[in-house]
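First, one chain by itself in structure tokens, the form predicted on its own.
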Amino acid sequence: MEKVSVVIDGRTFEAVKDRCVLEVAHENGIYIPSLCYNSEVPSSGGSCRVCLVEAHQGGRMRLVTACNYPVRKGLEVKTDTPLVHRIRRGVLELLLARVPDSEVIREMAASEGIAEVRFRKDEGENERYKCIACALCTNVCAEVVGVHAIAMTERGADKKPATPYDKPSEVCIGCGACAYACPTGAITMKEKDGVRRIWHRDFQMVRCSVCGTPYIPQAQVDWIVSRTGKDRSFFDKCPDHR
């Protein structure tokens, strides 16, 4: 793999060409806030705009999203300039107006000195809850799990993930990958008495034969067995007791 030198906040690092700026910065202890990027999900990133940074190259400066901007020879990145913070505050102000219930967004906004917003806050009951419409959940479902149980619906401010027609989906396997990946905790997943509820559907959980803890939905086991041919008995025990 070809390596190149990149300058981030005045420090020079060696990095694999075309890796995203965000990963290179984080690996070297430079914090850039982000929400919609997950390195395990190929199409993630570039949605929330929280990770905007200055990219200087060839005598030009551009504001770019660090999560999907590639490291190239001669690139200099600045993550902590007055312009970056001004733009980031604007982005966070819009997100806070959209999802004032989100603890994650409130905390990020507070770190930029934002307590109140200039725009109408979408408070009270609404279907979006804490969702910032980044689509990381739908990308995880499609690209990592491979079941396409949810998709983004509606447009503009009403955009949100949902099952088809907001009905219980027979395709969903109840794995919860969407909820685990959601950066703002917007997807509700509850478990009680060995049953997991997510996306309007109840999933019976398999209990560990050793500790008795419900740990994986039966539908997820069925899906893995059917796709991989793995022995069903493998799932008799939870990961802690295999």
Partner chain sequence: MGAIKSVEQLEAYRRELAAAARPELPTVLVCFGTGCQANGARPVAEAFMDVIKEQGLEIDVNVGIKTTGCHGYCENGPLVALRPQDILYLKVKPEDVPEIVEETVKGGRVVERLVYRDKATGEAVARYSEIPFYRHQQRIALRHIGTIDPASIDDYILAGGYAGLTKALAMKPDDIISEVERSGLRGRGGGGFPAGTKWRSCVAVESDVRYVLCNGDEGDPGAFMDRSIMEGDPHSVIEGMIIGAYALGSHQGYIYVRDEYPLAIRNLTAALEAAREKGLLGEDILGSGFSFDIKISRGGGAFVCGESSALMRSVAGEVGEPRAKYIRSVERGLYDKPTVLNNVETWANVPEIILKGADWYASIGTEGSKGTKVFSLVGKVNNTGLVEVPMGISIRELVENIGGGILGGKEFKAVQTGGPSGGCIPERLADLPIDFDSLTEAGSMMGSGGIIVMDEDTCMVDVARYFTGFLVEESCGKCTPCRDGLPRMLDLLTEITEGCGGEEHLAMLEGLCDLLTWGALCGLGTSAANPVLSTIKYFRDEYEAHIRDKRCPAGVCKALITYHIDPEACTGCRLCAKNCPQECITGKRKEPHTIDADKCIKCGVCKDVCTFDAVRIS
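Residue numbers count along the first chain shown, from 1. All of these numbers come straight from a predicted model, not from anything done at the bench.
One more form of this protein exists, namely the form predicted together with the partner chain; it is left out here, but the text below deals with it.
Point to revise | Partner-proximal stretch of 46-54, 213-221, 178-186, 200-208 relative to the partner chain in the model of the complex, 4.5 angstroms, heavy atom | key: Single hit among the candidates: 46-54.
Practice item. Could you check which residue among 171, 144, 83, 104 gets a heavy atom within 4.5 Å of the partner chain in the model of the complex? Key: The residue in contact is 83.
**Study point:** Interface membership of residue 120, the partner chain in the model of the complex, 4.5 Å heavy atom rule
**Key:** Contact with the partner chain, yes.
Review point. According to a 4.5 angstroms non-hydrogen atom cut-off, is residue 73 in contact with the partner chain in the model of the complex?
Key: No - in the model of the complex, heavy atoms of residue 73 and the partner chain never come within 4.5 Å of each other.
**Study point:** Non-hydrogen atom contact residue 90 with the partner chain in the model of the complex at 4.5 angstroms
**Key:** Residue-level check for residue 90: yes, a contact with the partner chain.
Review point. Is residue 150 close enough to touch the partner chain in the model of the complex, meaning at least one heavy atom pair within 4.5 Å?
Key: The answer is no: residue 150 has no heavy atom within 4.5 Å of the partner chain.
Point to revise | Partner contacts in the model of the complex for 52-75 (non-hydrogen atom within 4.5 angstroms of the partner chain) | key: The stretch touches the partner through 52, 61, 62, 63, 64, 65, 68, 69, 70, 72.
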